Each structure stands twice: as C-alpha cells, then as structure tokens.
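Quick heads-up: it's one chain on its own, the form predicted on its own, in structure tokens.
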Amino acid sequence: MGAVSQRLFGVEWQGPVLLASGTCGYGEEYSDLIPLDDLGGLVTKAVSVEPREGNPPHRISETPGGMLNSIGLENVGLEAFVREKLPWLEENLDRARVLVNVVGNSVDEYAAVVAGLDDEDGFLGYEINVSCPNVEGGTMFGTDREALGRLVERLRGETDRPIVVKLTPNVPDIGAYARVCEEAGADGLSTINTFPGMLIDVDKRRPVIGNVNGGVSGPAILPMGVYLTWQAATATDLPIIGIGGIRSAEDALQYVLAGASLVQIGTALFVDPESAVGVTEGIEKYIEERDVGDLSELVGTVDVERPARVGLGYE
C-alpha cells in the first residue's frame, strides 16, 4: 500500500480508509468479516466514564438516501473498555491504527476518560466527539466556540497523544470552529458528524425513532460532507479525516481533493462490510492509472474558481 500510505500524527498510516465510530463496534465485531489489520485503521465505539444504555428503540431506520440512527452512545464505559476491549485491539491489530472515540457530558467527564486511558496500550490517540445529534446535550460543545476551546485546551493538558476533534455540521461557519480547535491544541479534525433528522410513521402518526430524532448518514450527506471538509481545510492547517456518505473510491477521493488526508466509512458497512477494502483498492487504482506518486500529492488540490456574482445568480 505504498502509494496510499501517509505519515500523519507522527506515525505511518498504511492506508487512508478507517472504519467510523459507532459502525464497527470495538473492532472485534468485524474481525470475521474483513481483514481489519489491512485497513488504515478504525475508530472505536464511543467511550464514556460510566456505561450507557443508550436510547429506547427503535434506534435505526432506513431512509431513501441512507440511514437515521439514534443509538444514544450506548457503550460499556471506561473501566470495561480498558479491561475487555483494549486488550483485543492490542493483540490483534499490528498495522491498523486505532483512535478511541471519547464522549462526556462535561469537560471533567471527557478529561476523566482521556486520563483513564492515557497510560494504556493498544491505540494511537483520541477522536473527541463534540457533535452527536441524538443525545441530549450531544452538540453542546460542538456549537459553542468558547466551550469547545476550553474542552480542547483541557484535554491537551491531559495527553501527548493525538487529539482529533469530530465537528458537527450544524454551525454557520465550520471553519471558525476548526480554527478554535487548532488554537486550543488539537492535532486534527474529523468532518463531519451526522445531521439531525426525523421520520414519522403516517399510519401511527408517531415518530419512527424512539428518541424522536436521530442522526442522518449515508449517501444523502456526501455533498454536504465534502463541502464542509473543504471549508474546514481552507480555514486551518490541521490534518482532516473526511466522513459522510462514502461508498466508493470516487466518493473518498472527493474528500481527499477537498482537503482530507484520511477518510472514514460508516453507513456503507451495513450494506457491504467489505466496502472499506474496495474503497482502498479503488484509490490505489486511481493513483496508479494517473501516475500520481502518492496519495498525499492529491490532498487539498481541488481547483476552485468561484464565478463572479451578478445579481441573484452567477455568470
């Protein structure tokens, strides 16, 4: 995978494709389906201080362009993660990199998870989830620049490992939030999390999702994810991991050209668990056919020329 390998966050990534948080469990759940150690890496299911039961059912519903989910960050909690999940990751993944997704209801809770994990082995760094739309207060930090800055600064003081902040799309200017993360000491960004959405059963006249609303993911959000990744990339020098609607190498390459160095695949795994492998192979083929030296040469190279604005339209 030489052509698609990159050096990022101080280490070598053998490939650009990661499995997204919440879609591959803690890795072990997918170990019989795909060769995890041949991928760039994975992001674990969220970890909070205490275990979470998550939201009431129904938690998932298919949409015309993807999926609506409201899992509610169900997870085993910090203690069980360290005892039961990290040992498997350390033992079974030699080349694939692991980021641990971290959640909390307060700065202190986020900090407690990071502090509780930092002396453990089996993972590279953290993806800080400040942007979950299907739990109460889940976007509290992601939509408040002052709170976001305080959180990242606190976590920077807790660890020397890479800190990647997963941003919400539900802000007027994602670039401003990207700059806050950079100034506060983050090492990278994940763009983007899901969009809030709702489905209604017209016969029952009730929400389909037990928690009323959830997060929209899948092919429908690809254009928004690419655009917001480009916005973030033009606002900061931080490395970016692109997320949202990726099913093919072409989808992933749009994120790369927009400014992402790595990508994550999530909803597509529910349709085709081997999609991450296929996307990696497709990127390798693209690079080979176009005589590109390596993937890093493509990052952020989209040729954007805005048309002149005339009245309410363009010409």
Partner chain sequence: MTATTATGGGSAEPIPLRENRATPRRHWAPVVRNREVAEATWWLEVDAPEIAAASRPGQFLMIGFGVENTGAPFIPRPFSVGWRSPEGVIGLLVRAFGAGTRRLGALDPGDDVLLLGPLGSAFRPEPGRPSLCVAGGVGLAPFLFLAPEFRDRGHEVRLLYGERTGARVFDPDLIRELTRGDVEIWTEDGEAGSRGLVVEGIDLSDDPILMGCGPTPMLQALARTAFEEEIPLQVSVEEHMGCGIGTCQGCVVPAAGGGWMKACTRGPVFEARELQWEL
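Numbering follows the first chain given and starts at 1. The structure presented is a predicted model; accordingly, all values stated were derived computationally and were not measured.
Form predicted in complex with its partner chain: not shown, discussed below.
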| Is its partner chain in the predicted complex near all of D187, I192 and G225, within 4.5 Å of a heavy atom of each? | no
| Which of G122, G149, P239, P219 has a heavy atom within 4.5 Å of its partner chain in the predicted complex? | P219
| remark: Partner-free chain; cross-checking its partner chain in the predicted complex, the single residue of E50, E288, E29, D37 with a heavy atom within 4.5 Å is E29
| task | Although its partner chain is absent from this view, report whether G25 comes within 4.5 Å of it in the predicted complex, heavy atoms only. | result | yes
| field | Contact label in the predicted complex: T280 to its partner chain, heavy atom within 4.5 Å | value | no
| said: Using a 4.5 angstroms cut-off on non-hydrogen atoms, would A112 count as touching its partner chain in the predicted complex? | reply: no
| message | in the predicted complex, is there a heavy atom of its partner chain that lies within 4.5 Å of any heavy atom of S261, even though the partner is absent here? | response | no
| said: Partner absent here, but in the predicted complex, which of 174-182, 140-148, 69-77, 113-121 has residues with a heavy atom within 4.5 Å of its partner chain? | reply: 69-77
| query | Counting only heavy atoms, which residues in 34-64 are within 4.5 Å of its partner chain in the predicted complex? | reply | K45, E53, G54, N55, P56, P57, H58, R59, I60, S61, E62
